[in-house]
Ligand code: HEM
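Just one chain follows, in the form predicted on its own, and it is written as structure tokens.
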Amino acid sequence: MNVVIGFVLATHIIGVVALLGGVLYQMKAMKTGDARMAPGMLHGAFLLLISGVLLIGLNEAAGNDLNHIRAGIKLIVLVVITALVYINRDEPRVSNALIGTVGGLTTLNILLATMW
């Protein structure tokens, strides 16, 4: 079971890298006003969502102690991130504030995972 949990955790980290990497990649385009939601950002958000729910289920099945309040807050933040990226995925340009919001919420989720 630990191998499966480790594999799903690795895919969760890959999702974070894809999402936050997409935000950082758009920083140059934000200077010219041409920022957009890259497809990798959407894939990363969905991968985070699916692997996060799987991690909760697998850890419950393994009998590990979980902080359900933290998991719930992280899930809410991730649903908001996924919705923002999904709704704006086909727009040729998005506002700098929207890219910043996605990046800020992603960073918040990372901080919740590591510091709480």
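These numbers were taken from a predicted model, which means no experiment stands behind them. When you see a residue number, it is the position in the sequence shown, counting from 1.
Although it is not shown, the form predicted together with this ligand is what the next lines describe.
Contact check for Leu42: every heavy atom lies farther than 4.5 Å from this ligand in the model of the complex. Lys74 belongs to the set of residues with a heavy atom inside 4.5 Å of this ligand in the model of the complex. Contact check for Val16: a non-hydrogen atom falls within 4.5 Å of this ligand in the model of the complex. Looking at Ala61, you'd find every heavy atom of it more than 4.5 angstroms from this ligand in the model of the complex. Along 66-86, a non-hydrogen atom within 4.5 Å of this ligand in the model of the complex is carried by Leu66, Arg70, Ala71, Lys74, Leu75, Leu78, Ile81, in order along the sequence.
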